[in-house]
Each structure stands twice: as structure tokens, then as C-alpha cells.
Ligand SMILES: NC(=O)c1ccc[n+]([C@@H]2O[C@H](COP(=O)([O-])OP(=O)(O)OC[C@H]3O[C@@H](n4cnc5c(N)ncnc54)[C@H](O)[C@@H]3O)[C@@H](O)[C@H]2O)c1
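The chain that follows stands alone, in the form predicted alone, written as C-alpha cells.
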């Protein structure tokens, strides 16, 4: 972490999936700017690893273990955060899961699991924080989507869930905007992490990230800090007129395909 700023001083944020690379980067970014962080992960030990990094830098936080698809566990986590730091200002629905496979390879159990973690979990967490935010007339929710929810890039169940998350984001923004709660979404492209799906891909092709880079006009895939920077803007008071937006952080992937252009232009 670099020198702290004060954009989030006095604010509290709950970040799901904060034990993973992207969630950890978001937690560190908001903590660096002054927020007290609820580090929520399905494995409390993993949440503690993130919390240790926050505390090492002098930030405040609380490690929370919860399954985001279980209402009672999420409510308990929100209550614990309230007891430790007061009312929650920000919710970042970052927790997600993806499996490899084409449609014919996805069975019903896999489909249900993908939707539960990537879509249902965001609903459960939002329901847990909305009443208190609405009562105060202030709050910000940022959902982490994916470019998979915008164009066909494989992983059909994950893609369907992220497309649903975009619609859910818009629904929350419309219904709760008048109550002082802004809801927005960040849709990343390929982000280099050590999650299982990327490990599987790298086992098959150790150069996968280098090969994917040619599809991005900026010449690289993303890193967790790219997502964290987008969240830090959307959740901040300076974005007070941004509601229901989907900030695509994909290095230009959905804007156009440079590889395709090069192959079409014959000189």
C-alpha cells in the first residue's frame, strides 16, 4: 500500500470475495484511502490473510467468514461489521466463480452453482444492507460483472449470471436511487490472477496471458489493481451523479478487435 489519502476517511465498506486477488486489491485500495474494511470470504482464514495486509499498513478491518448464498450468514456478517465500525456505507459484490466448459459440458448442478454464486449472492448481500442504507438515505453498491455478460466469450453459465447481474444493477439503481443509494457495476476483461480457471488454462498453455494480450488494443490483459481503481471511483462521493452505470474495464476488448482488423486490412 502507498501513502493513505482521505477520500474514504470515516467510511465503512464490505467487500465479498476479499480473500481472492481482485477482492484483496479492492480492499487494499479502499483501505489506503481511509475506509474501514469488512473482509468477507467463504473461508475466514483467507479473509484473515487479506486483513493482515491491511493491518500491516495501518488500516482498520474485520475478517468475516460467510457463504454469500446463505441469508443468515450474510446478515450475521453485516451485523458484525456494524458492531465493529458502525453503519455500512459501501458494499462491493465481488465474490464470483467460473467453471470451464461449453454448453454441452455444463450440467444442471454446475449451472445452478454458477448462478448462485455470481448472481444470487449479490442479491442476498444487497438485501442485507439495503434497509439500513435506505434509512440513512446514503449508500453505494458496486457489483463486479464481466465482459462475459456483454458478449459471447465462453463459460455460458458464468456469462448468463453476469448478464443477469447487469440487469439487477440497473434495477437496484432505479429503485433505490431516490433513497440515496447508488448502484453501479464494473465489467472487467481478462484479469491476471491465480484463480483455478486461469491455473487450468496455464497448465494447458503457459503462454495464455501473452496470447490473450494480442486481442486487447492496449497490448496486455488486466491486473487486479485495474478493477480496484474503477471501484474506488464508483463508490466515492465524487461519483454522486453516476447511478446504474456499467464501467467496462477491458483494455478496449469490446470496443474492437485489433487482430481482426489487421487480418482484414490487406496492404
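Numbering follows the first chain given and starts at 1. Predicted, not measured: the structure shown is a model, and the values here were computed from it.
Absent from the display: the form predicted in complex with the ligand. The rest refers to it.
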{"query": "Site test, 7, 35 and 53 vs the ligand in the predicted bound form, non-hydrogen atom cutoff 4.5 Å", "finding": "no"}
{"query": "In the predicted bound form, the one of 144, 128, 119, 90 near the ligand [non-hydrogen atom within 4.5 angstroms]", "finding": "144"}
{"query": "The ligand: the contacting residue among 49, 225, 237, 67 in the predicted bound form [heavy atom, 4.5 Å]", "finding": "67"}
{"query": "Exercise: residue 59 in contact with the ligand in the predicted bound form, heavy atom 4.5 Å", "finding": "no"}
{"query": "Contact test in the predicted bound form: residue 21 vs the ligand, heavy atoms, 4.5 Å", "finding": "yes"}
{"query": "Residue 124 within 4.5 Å of the ligand in the predicted bound form, heavy atoms", "finding": "no"}
{"query": "4.5 angstroms heavy atom contact with the ligand in the predicted bound form for residue 190", "finding": "yes"}
{"query": "Heavy atom contact within 4.5 Å of the ligand in the predicted bound form, the stretch among 131-139, 174-182, 76-84, 110-118", "finding": "110-118"}
